[in-house]
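Consider the single chain below, provided in structure tokens and representing the form predicted alone.
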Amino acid sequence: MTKASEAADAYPGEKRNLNLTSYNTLGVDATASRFIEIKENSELKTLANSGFFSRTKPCILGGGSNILFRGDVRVPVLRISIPGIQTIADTDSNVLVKAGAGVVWHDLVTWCVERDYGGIENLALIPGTCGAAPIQNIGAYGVELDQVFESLELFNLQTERFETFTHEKCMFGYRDSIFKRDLKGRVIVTSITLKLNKPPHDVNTSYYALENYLNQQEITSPGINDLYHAVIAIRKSKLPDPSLIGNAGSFFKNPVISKGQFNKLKENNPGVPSFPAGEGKIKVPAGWLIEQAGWKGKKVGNVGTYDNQALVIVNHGNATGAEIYNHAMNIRESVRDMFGIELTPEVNIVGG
């Protein structure tokens, strides 16, 4: 394709050969051959009408906080930046809050807490955008998104139509949804709607770290604002700031294993922490497994495992996507060899 034909084929506002370092929180230096930012639903329709989706399978990018660019990205990158937060329904006990897919998740949490809308205060400071939240079924400190999820709107890349998905259609699981399985790469989330509660709030303080923090602060009857600030304080104490050191938060999911496998694990490791995961299964903290395997605080070249949280892989400067990927796979191999447990990346791996 000549330069003239490339220019003619370019979508309005499209950028070519864009460096993605500032578009991913790991700070990996990678290049997108084509980069298009989507700020309105109508722009997806314009792309569809031009035959864009029939010719190519794009990489969908939100806040870049849950992605590892293993190398340059040769398919077009669509960054979803659709804005807006609004209350669309209001009753005596609940509200429905709708947010554009490009809204920063923590900004939505802050917006809701400021209005005394409860349900997502435990999810404060989780990096990423609202559009990525249901795909990952984000969760923290005893709460998961699916507990407050009402519906979402998406653009189906195959039918090239907008659709509404209810809770049931999303098929949520632990850090999982239909969008990571059957519909992976086939849809683009454009907005989410959450059902939140009005006072009096039923707050969730069951998570040990959260309960311990509140006790230390002598907060005996916490409200959603207390939980919001507690979660922020805890996360800041454990997790590095991506603006200071590149990271993507938790790199691996906490593995869920059978009760029999857990009992065998506990025989050799009496102090292993665990949480019930339903259906007779047990969740084991991946960070604990990684730490026991000797990786906490370990640095290899430009890549390392964070000093305060073994679940976080950090870029100490100029690490390539391939280096970070290899570091992660070496961690996974060590845990498998030591415990017979297979770690699954929580981070999406693209390119290379």
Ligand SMILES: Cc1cc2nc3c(=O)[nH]c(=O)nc-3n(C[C@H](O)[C@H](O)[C@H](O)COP(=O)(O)OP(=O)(O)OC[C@H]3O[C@@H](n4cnc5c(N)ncnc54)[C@H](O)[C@@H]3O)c2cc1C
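Just so you know, these numbers come straight off a predicted model, no measurement behind them. The numbering used is simple: start at 1 and walk along the sequence shown.
There is also a form predicted in complex with the named molecule; it is not shown, and the following applies to it.
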Please pick, from 256, 96, 108, 239, the one residue with any non-hydrogen atom lying within 4.5 angstroms of the named molecule in the model of the complex.
239
Heavy atom within 4.5 Å of the named molecule in the model of the complex - the one residue of 310, 67, 30, 324 that qualifies:
67
Residue 229: heavy atom within 4.5 Å of the named molecule in the model of the complex?
no
Is the gap between residue 119 and the named molecule in the model of the complex 4.5 Å or less for some heavy atom pair?
no
Would you check, heavy atoms only and a 4.5 Å threshold, whether residue 289 touches the named molecule in the model of the complex?
no
Counting only non-hydrogen atoms and a 4.5 angstroms cut-off, does residue 247 reach the named molecule in the model of the complex?
yes
Okay, which stretch from 109 to 117, 164 to 172, 126 to 134, 274 to 282 lines the named molecule in the model of the complex, with non-hydrogen atoms inside 4.5 Å?
126 to 134
Those residues of 51 to 83 which, in the model of the complex, come within 4.5 Å of the named molecule by heavy atom:
60, 61, 62, 63, 64, 65, 66, 67, 80
